[in-house]
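Just the one chain here, the form predicted on its own, laid out as structure tokens.
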């Protein structure tokens, strides 16, 4: 599948799951900040994508934010440390951390979860088959 084909399926899934307009689901749209997704929505999105693509998607593959809860090696002063950034890149090789590295505040981490991140993840899984 091409990037565009995967994007079209992800867009349709997000429109249905989040009850948003088709034109709101752009590659750079943030799931929480732009599409108003809530934690419960992430479970629904993963479930729908699993059905759509025919393989299991461990939630922590797409949304590994739990690695930063309470580990002082990864978070200090509300910011993700360099070892934390390395861990994040290891767990999310499909994420573009370029901008996030400039200001790696924990409260900005949700901005990483964009439509394109989902598409890139799915493309890496589809291509691995």
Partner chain sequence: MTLKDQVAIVTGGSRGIGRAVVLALAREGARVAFVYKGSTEAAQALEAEAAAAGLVAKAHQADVADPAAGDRVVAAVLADWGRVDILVNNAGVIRDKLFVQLEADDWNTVIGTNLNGVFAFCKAVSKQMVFKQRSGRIINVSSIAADHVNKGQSNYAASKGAVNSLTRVLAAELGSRNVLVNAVAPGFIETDMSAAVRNMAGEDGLKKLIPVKRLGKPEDIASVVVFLAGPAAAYITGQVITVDGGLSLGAIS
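Numbering follows the first chain given and starts at 1. It should be emphasised that the depicted structure is a prediction, and the values quoted were computed from it without experimental measurement.
Missing here is the form predicted together with the partner chain; even so, the following discussion is about that form.
A heavy atom within 4.5 Å of the partner chain in the model of the complex is found for one listed residue only; from 112, 106, 12, 18, this is 18. This chain is displayed alone, yet in the model of the complex one of 44, 61, 34, 87 has a heavy atom within 4.5 Å of the partner chain; that residue is 44. Annotated contact segment (heavy atom within 4.5 Å of the partner chain in the model of the complex): 34-42, selected among 34-42, 95-103, 53-61, 71-79. Taking the partner from elsewhere, residue 48 is found to have a heavy atom lying within 4.5 Å of the partner chain in the model of the complex.
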